[in-house]
Each structure stands twice: as C-alpha cells, then as structure tokens.
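In the block that follows, a single chain appears as structure tokens, in the form predicted on its own.
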C-alpha cells in the first residue's frame, strides 16, 4: 500500500533526440494532456483504490479495501490505495494512477464522479469506477447500490425495537445516497409505528468519532433509543455512545458491524463491496468493461440485512416475519422504497 507516488521518469538516454523525446513525453504527463493509445508498461494487472477516509473505519472504506485485497489475491493484481485529504487531491491522484498505466481505478464515493469524468479522457486505457455514482463516459462506470432497500428493512427493526417511539440517524455528510438511506429507514420504521419520531444529524465529515458520539448523546438525551449510523470512521462514535448509555441500540452500515459492539448492535445494512468490486475488475480484466451504471442490490447478493445473532432475542418473531414479507415484495419490485 502506498500513500503517495511520483510519475515515472525515463533516464536511459542514448542520443540527443531520444532525450528530447523523453523529456517531451514527461511534460505531457505532468500537465495532464490527453494521452492516446497508451499501453500498460507491464502485463501485470494493476488496480487502485482512492478513498476519502481511512480503511480502518470498519465500514465503508474498510469494505472497499477488502475488495482490493480480494482482487489482488484472486486475479493476481498489483494494488495500491491512497486516501485523499482534500477534494483538490482527487484529480491529482487519478492522474497519477492513469500516468502509471493502472488498468482500473476505484473512486470510492459519490464525491469522485466529477473528477473521474474530468480526468478519464486523458487516460483512455484506464477504467475508472465510482461507487455511489451515476455519471458515465467511455471509460468511466458508476456503481449504485440498492442500499435504501436494506435501510428500509433496518427501519422495520428499529420501529419495532424502539420503546420510546424516538429513533435517530447520524450521517457523515449530507450526500444524496445517505439522505436517501435515511428516508428509506424512516419509511420502514413508520410501516411498523406510524407515530415514530425521527431525529437526524450530520457530523460534517467522515472521520470525527468524537463529534459523532456527541451527536448520538444529544439524540439519546431527546429520547432516541435506536440509532442508524452511516458515517464511516466517525460512526464508531455512535457505538461508543450506545455502549455508554447501555439501553440504546445501534444499526451498522456498509460492512457487517455487528462485532464492533455486539452488546448494543441489532444488525447491519451490509454492502458486499468485495463482491461488487470483483465483478467490475473481472470485466476490466476480460476486456468487457463498458462505461455504464452497475446497479447492484439484493438480487445480486450485494446488499443485505444482517441481523446480530447475539441480540436475536430482542427482535420478535413477528418482526422477523414482517422483514421476510417486506424483502419478498422489495425483490419482486412491488414495493417502491422511498428515496
């Protein structure tokens, strides 16, 4: 794993004309000018992952890194990962990977769509895939997940489990996929208890666990006894707050977070990111990749509700039956989950 890298340089110079040609090529790469018909400098399959948060978050970014490792182990790929500290770094990192002839670059998050569209034309031999993205180009694919379906099921659990009739949602930033998930969560809860009250807060970033804990404690003080978090590393603070309160329950997101705090976690809305990333990597490897939107959900085995078996006794048989019935109508397409 590397955090930063520099563009390749050619140092072997046999003639003056070769030196001039090499220096000219370097200047083109450094300026990000269009590069046509580029061929990989090696036959090894190379895949990169760019994230906005740390891969130690036990959630969104950790799941993507597991996918990167699976691609390495299953396809023999050379891999690299970098975390962007500022939005300005996204274009730079995409260009660096393109200049190093990476076959596939994942931009892990809604924020990566526009940078991918800007950079991709300069590196037509590199495929770019943005998760939670819908914008496409000849070598740019979006990947959308039916996360709202899983969030709706989580809402059913929360609505049934809440004793106070007050539930909470805490997100990292107010991006459309998170907003949609919270609306679906609320709808699921109201299908059980039409009078349920929803509290919503956003941390403002994806890393500040202390701020997320404060948000959770504020919601708990207002009566929330079940909180659904979708805040990556920051979301770990929600588990800390629930542990401190003891009677509050948490619902995890993106990865199976049931073991983060098993004594307070009812379950997790899981995106099987390794499975999704492998689908795309195989398409690139097999030269069948196309710039389109991969729409993945329960039917693809990518999005699912995973109950915490250690708290199974807190979810009644009636709620389990309601979950099964809701899942069937969602899969059949007869229930439109609000987004």
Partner chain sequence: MTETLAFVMDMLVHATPLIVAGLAVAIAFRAGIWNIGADGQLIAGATAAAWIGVSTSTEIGWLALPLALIAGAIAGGAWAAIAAWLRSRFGVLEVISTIMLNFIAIYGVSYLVRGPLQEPTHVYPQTSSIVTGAHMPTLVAGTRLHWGFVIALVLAVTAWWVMRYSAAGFRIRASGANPFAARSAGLINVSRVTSVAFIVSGAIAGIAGAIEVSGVTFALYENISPGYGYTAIAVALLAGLNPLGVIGTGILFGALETAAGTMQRNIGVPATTASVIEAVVILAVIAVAQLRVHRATSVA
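Because the structure is a prediction, the values reported are computed rather than measured. Residue numbers count along the first chain shown, from 1. Basically, rigid core = biggest C-alpha set you can superpose within 1.5 Å across the two forms.
The same protein has a further form, the form predicted together with its partner chain, not shown here; the description that follows concerns it.
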**Prompt:** Looking at 83, 164, 101, 193, which has any heavy atom no more than 4.5 Å from its partner chain in the predicted complex?
**Reply:** 83
**Prompt:** Though its partner chain is not shown, can you say which of 255, 113, 139, 219 has a heavy atom within 4.5 Å of it in the predicted complex?
**Reply:** 113
**Touches its partner chain in the predicted complex: residue 176 (any heavy atom, 4.5 Å)** = yes
**Prompt:** Contact between residue 72 and its partner chain in the predicted complex at 4.5 Å, heavy atoms?
**Reply:** no
**Request:** Consider residue 197 of the chain shown here, and say whether it contacts its partner chain in the predicted complex, taking contact as heavy atoms within 4.5 Å.
**Result:** no
**Message:** Would you classify residue 213 as touching its partner chain in the predicted complex, given a 4.5 Å non-hydrogen atom cut-off?
**Reply:** no
**Answer range among 263-271, 152-160, 83-91, 238-246 for contact with its partner chain, defined in the predicted complex as heavy atoms within 4.5 Å** = 83-91
**Prompt:** Does superposing the core leave residue 226 with a CA shift of 2 Å or more between this form and the one not shown?
**Reply:** no
**Prompt:** 2 Å or more on the CA of residue 63 between this form and the one not shown, with the rigid core superposed, yes or no?
**Reply:** no
